[in-house]
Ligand SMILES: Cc1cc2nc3c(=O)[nH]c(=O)nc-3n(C[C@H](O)[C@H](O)[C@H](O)COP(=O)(O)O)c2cc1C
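This document starts with one chain, in the form predicted on its own, laid out as structure tokens.
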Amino acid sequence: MSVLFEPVRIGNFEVRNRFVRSATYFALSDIDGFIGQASVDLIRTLAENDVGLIMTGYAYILKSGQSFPDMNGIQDDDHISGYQKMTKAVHDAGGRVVMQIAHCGIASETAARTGGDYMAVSVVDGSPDAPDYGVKPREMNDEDIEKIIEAFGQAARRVQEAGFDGVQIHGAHGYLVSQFLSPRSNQREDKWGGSLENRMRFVIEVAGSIKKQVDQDFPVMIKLGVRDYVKEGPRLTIEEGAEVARAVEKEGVCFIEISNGFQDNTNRKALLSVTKPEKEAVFLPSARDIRASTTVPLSLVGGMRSLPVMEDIIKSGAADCISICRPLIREPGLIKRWREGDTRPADCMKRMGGNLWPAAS
């Protein structure tokens, strides 16, 4: 049997294989983030087709952090019952499911376009990274930041009450955690900015807020942008990303999914152009650096399509799990196909275009 189909323990539960469905935006909710049967069916199908650990598309914790109008929400207790249908469907199929929660910060397009409280870590005039929604954000103050930190904790409480196996902080892709971590977007001069110690204060306090609201053994995870992929200007380095990984592990985070922070368009095209095996596993060098700094299980995302590449990664010890999503959009039964002996690479082989602010969560 391939090492990819061996079980792995994450926090307080076991996953039946090494495959993780990486969180990706559903585009199935209503304007207030309520999910329906289509969302339940989507996640149930993945569980029925042997995906070991399923991460939901990101859910906003406050309306001020809503990016897309059909983005999932977990901002109040009214959402719990809908998600209970989802978790039951997954558990009935023998799967495990974790909710990814997020605040999108300056990428909160819906908040910006609907007259909501549109905020940024720093207001950087002329920044090439800031999206243009036709309205200028205001800079967060201490009260705003503390409110968001508390909202992460309350959202995680709802996640546990809904029956999820864990919660994942969205700490990548240029959303709010990335915006605090990166000197590109964080130019504050208070306790939340400047040194790495200050820039990572936000994510550490988010993890602490979550741990206060959930049971002691409830798994808290993070998708972490461990470096910025940009050619010009200040950036989060992999050395800094490794320090952040160590710090969140000390706060009780039990699983780290390795991804990117900010990307410029040139790097985005290069990193996500997957047309042959030697271009797969684009973040593998970062995984090796994080592996040397941490002891918790790691999952690697980024362009993997063929079993031999994935097996080599697991056998090398660089990661414990493989995260994929676009291949599962094209082939929901991909993992079952592989398990049953049809080991052809995933049909999804082409790069995804787009700009700095990705649809994928």
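Note that residue numbering begins at 1 and tracks the sequence as displayed. All values derive from a computational prediction rather than experimental measurement.
Same protein, other form: the form predicted in complex with the named molecule, not shown, and the subject of what follows.
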message = When the named molecule is placed as it is in the model of the complex, are R16, V97 and S299 each within 4.5 Å of it, taking any non-hydrogen atom of the residue?
response = no
task = Sort through 206 to 214, 247 to 255, 167 to 175, 114 to 122 and report the only stretch with a non-hydrogen atom within 4.5 Å of the named molecule in the model of the complex.
result = 167 to 175
request  = Although the named molecule is absent from this view, report whether W338 comes within 4.5 Å of it in the model of the complex, heavy atoms only.
outcome  = no
Contact test in the model of the complex: G57 vs the named molecule, heavy atoms, 4.5 Å = yes
message = My question is simply whether K223 lines the interface with the named molecule in the model of the complex - judged by any non-hydrogen atom within 4.5 Å.
response = yes
request  = Give a yes or no for I329: in the model of the complex, does one of its heavy atoms lie within 4.5 Å of a heavy atom belonging to the named molecule?
outcome  = yes
note = Of I35, C325, L46, I314, the only residue with a heavy atom within 4.5 Å of the named molecule in the model of the complex is C325
task = Give, in sequence order, every residue of 15 to 46 that has a heavy atom within 4.5 Å of the named molecule in the model of the complex, or say none if there are no such residues.
result = S22, A23, T24, Y25
